[in-house]
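Consider the single chain below, provided in structure tokens and representing the form predicted alone.
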Amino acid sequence: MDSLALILAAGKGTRLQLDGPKVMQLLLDRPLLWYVFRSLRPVFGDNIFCVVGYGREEVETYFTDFYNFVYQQEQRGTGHAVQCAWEQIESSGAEFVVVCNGDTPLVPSSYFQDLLQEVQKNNLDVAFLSIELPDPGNYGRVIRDKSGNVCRIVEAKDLNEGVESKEVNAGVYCFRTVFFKKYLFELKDSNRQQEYYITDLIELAINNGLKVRAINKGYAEELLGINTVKELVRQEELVRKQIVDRFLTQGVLIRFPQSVAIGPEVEIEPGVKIQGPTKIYGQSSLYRGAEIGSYTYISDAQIWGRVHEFSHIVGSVIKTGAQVGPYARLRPGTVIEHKARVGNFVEVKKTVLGKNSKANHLTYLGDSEIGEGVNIGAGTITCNYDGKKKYKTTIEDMAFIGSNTALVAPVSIGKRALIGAGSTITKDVPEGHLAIARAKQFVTKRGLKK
């Protein structure tokens, strides 16, 4: 069908009591609005518009690949947000407009498709999704007549005493564009908040004899919006559990699954072993044979090897047979090659650690190229920064770096070179040579006083 989607994402979210735009609050490691885009794209493709207002710069900076933003300078309600987008709606030529909220992140794509089909099949002017809640709280209520037909939607703060309804407006609508053209700007702000509500369009449609239908989805948690931190955490737990259960079903071994968080873009092959608690986020990929120890944080990493407990891995590659941790930190740009070893309290940044090489203890490797079979002694650091620029350290195959060594970049250590413990190396060391750069030990009879 010729349709477009309109996301309402301009609100501040005062009740949430968190800094920043409401739709940019994180659910696992992605903003609420990211999930809405993900659900809409399979149905609407690029035919999506998003109304932004409070914190628009943060929203537009994050979604750099999206250009159909509409600015609502003054936030005067959901109806006013749609009015701000009317020019784009009309010029699009779309026959149907689906409107949803940016703070309802878990609506399945199929629900949008069902709503569109319902409007077309029954020749409706307006349709919307509703749910049943045991405690409706602050959600807008659906009011029906004795025949079960929808009369109106009433915001919770405007609900009169004695009116009882547990059917809640889910905030997902489908309108015919011709209806918008005739009635959108007839909305009034005669309510306590002096705002224009999109829900008043339902009453306008009914009063003018148009065909309106509420599609009741029962108790559907995925249709719940987020207005408080409690609701945010509830929805996060819902999606976390869904993701973990999916991987368990596919053959990923996840021990203590209730303490494991996996982001929505993570890919994990069957046979991977994960020990909770742990977090795996971003565009990470874990391949068969990978093992992840508990209390580990992983983001945007590709892992074939084993990560031991209490490690922090970001933007790195760990290849087959490699081992990392415990208590290791890998920063972006790091590659740990086959059967290489990064041990406890070792930090690696923008470095390739070659096949069968090892840095087992208390070491920092930054901006380095390290060959095969290299031994990095405990306490070794690559001094890659002079206060203005960063420089590269190269350590070639089979070199041996003694403990407590400082390699002042730019510097190159040749194949099979040996660096004496406690050295500060400022010049290149040729292949097969020994380098020692430390003061001569001096011993006197004078010691500590008794």
Ligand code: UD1
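Throughout, we count residues from 1 along the sequence that is shown. It should be emphasised that the depicted structure is a prediction, and the values quoted were computed from it without experimental measurement.
From this point on, the text means the form predicted in complex with the ligand, which you will not see here.
Contact with the ligand in the predicted complex holds for all three of G77, D103 and G140, each having a heavy atom within 4.5 Å. Taking the partner from elsewhere, S130 is found to have every heavy atom lying beyond 4.5 Å of the ligand in the predicted complex. Although the partner is absent from this view, G171 contacts the ligand in the predicted complex, with a non-hydrogen atom inside 4.5 angstroms. Put simply, I198 is close to the ligand in the predicted complex: some heavy atom of it is within 4.5 Å. Put simply, N227 is close to the ligand in the predicted complex: some heavy atom of it is within 4.5 Å.
Of the listed positions (Q72, S284, T380, S368), a single one reaches within 4.5 angstroms of the ligand by any non-hydrogen atom in the predicted complex, namely Q72. Considering the ligand in the predicted complex, the lone stretch of 371 to 379, 338 to 346, 147 to 155, 312 to 320 in range is 147 to 155 [heavy atom distance within 4.5 Å].
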